[in-house]
Structures are given as C-alpha cells and as structure tokens.
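Next up: just one chain, as structure tokens, the form predicted on its own.
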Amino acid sequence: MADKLRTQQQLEALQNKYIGTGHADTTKHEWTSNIARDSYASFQGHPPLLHYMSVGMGQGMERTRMHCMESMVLPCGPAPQTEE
C-alpha cells in the first residue's frame, strides 16, 4: 500500500512540475496544444532542424523562427466552447 501511495505522489509531483504530462482533468484540446507548443519550442531550440524547415519552406531561418513563435500562441485554434 505504501508503494502505491508513493507512486501516486511521485506522479502528482511530476504533473505539477511539468504541465505537458497532463492529468485526469486535461482536455483533448489542452493536451494537443501542449504537444504543439513543445514541438515548436523544439524546432526553435535545434538550429539544424530549424534550418531544415526553413529550406523546405523557402524562407530564412529568422522568418521560420518567428513563424514558430507566432504559432505557439494558438497552436490548435481557439478552445472549444464548454457547456456549463
């Protein structure tokens, strides 16, 4: 029983520390937004990948970086309406 409690506490600590891990109340939209934001951040943080993308898009690296930054605002569009 103590192992199960310890495991649950470790999971909760990870969920509090890292937003992208999600929890039981995470919606599909929140989860996909976190994944998209993580991807855009990774593209910006790895210059060879950013260079590869910019060549494929036919534009400069800084323009591609700005496109990634702008896409992080609403990566999956606005949140769907929730019923109250």
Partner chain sequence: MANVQTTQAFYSLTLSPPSAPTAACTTNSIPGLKNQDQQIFEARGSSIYLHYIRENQDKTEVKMETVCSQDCFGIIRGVTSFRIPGTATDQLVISSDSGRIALVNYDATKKSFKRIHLETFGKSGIRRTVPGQYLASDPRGRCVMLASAEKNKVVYIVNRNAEANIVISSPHEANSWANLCFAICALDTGWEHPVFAALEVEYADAESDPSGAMYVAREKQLVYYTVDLGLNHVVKSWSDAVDYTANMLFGVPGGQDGPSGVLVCAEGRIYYRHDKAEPLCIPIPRRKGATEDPERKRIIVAGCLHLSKARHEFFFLLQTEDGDLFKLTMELGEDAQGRKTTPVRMVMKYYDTFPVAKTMLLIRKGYIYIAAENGNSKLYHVNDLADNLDFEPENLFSSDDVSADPAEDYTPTYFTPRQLEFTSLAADVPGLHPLMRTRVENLAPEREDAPQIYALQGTGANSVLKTLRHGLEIQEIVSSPLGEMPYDAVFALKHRASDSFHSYLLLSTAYSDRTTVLSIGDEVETMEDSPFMTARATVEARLMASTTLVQVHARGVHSILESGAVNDWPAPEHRTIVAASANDRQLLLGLSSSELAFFFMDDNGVLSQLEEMPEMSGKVTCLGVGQTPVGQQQAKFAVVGCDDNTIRVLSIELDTPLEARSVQALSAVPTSIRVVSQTDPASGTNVSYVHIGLASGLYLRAVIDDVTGELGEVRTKFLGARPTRLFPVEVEGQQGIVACSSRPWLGYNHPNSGLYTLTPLVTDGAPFVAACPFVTEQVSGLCAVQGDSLLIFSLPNIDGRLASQEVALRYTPRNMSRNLWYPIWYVVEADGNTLSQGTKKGLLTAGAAKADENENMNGIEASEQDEDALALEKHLGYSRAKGHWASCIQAIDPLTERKVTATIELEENEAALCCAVVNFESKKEELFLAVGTGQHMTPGSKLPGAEKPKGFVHMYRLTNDGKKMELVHRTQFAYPIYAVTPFQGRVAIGVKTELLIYDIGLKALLRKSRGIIVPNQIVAIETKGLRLAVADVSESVTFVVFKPSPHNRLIGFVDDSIARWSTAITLLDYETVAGGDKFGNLWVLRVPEQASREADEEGVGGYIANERGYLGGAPYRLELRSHFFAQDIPTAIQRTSLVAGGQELLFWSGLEGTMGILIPFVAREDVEFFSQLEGLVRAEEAPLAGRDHLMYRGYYVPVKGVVDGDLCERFLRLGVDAKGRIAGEVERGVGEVERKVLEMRSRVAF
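Rigid core: the largest C-alpha set superposing within 1.5 Å between the two forms. Numbering follows the first chain given and starts at 1. Owing to the predicted nature of the structure, the values given are computational and were not obtained by experimental measurement.
Form predicted in complex with its partner chain: not shown, discussed below.
- Query: Closest heavy atom of H51 to its partner chain in the predicted complex, within 4.5 Å or not?
  - Reply: H51: contacts its partner chain in the predicted complex.
- Task: Consider V73 of the chain shown here, and say whether it contacts its partner chain in the predicted complex, taking contact as heavy atoms within 4.5 Å.
- Result: So V73 counts as contacting its partner chain.
- Task: Determine whether any heavy atom of N16 comes within 4.5 Å of a heavy atom of its partner chain in the predicted complex, and answer yes or no.
- Result: Contact with its partner chain, yes.
- Query: Is T26 one of the residues lying within 4.5 Å of its partner chain in the predicted complex, judged by heavy atom distances?
  - Reply: T26: no, not in contact with its partner chain in the predicted complex.
- Task: Superpose on the rigid core, then tell me if the C-alpha of L74 is displaced by 2 angstroms or more between this form and the one not shown.
- Result: For L74, whose C-alpha is compared between this form and the one not shown after core superposition, the shift is less than 2 Å.
- Message: Given a core-based superposition, decide whether the C-alpha of E62 shifts by 2 Å or more between this form and the one not shown.
- Response: E62 C-alpha, core-superposed: shift of less than 2 Å.
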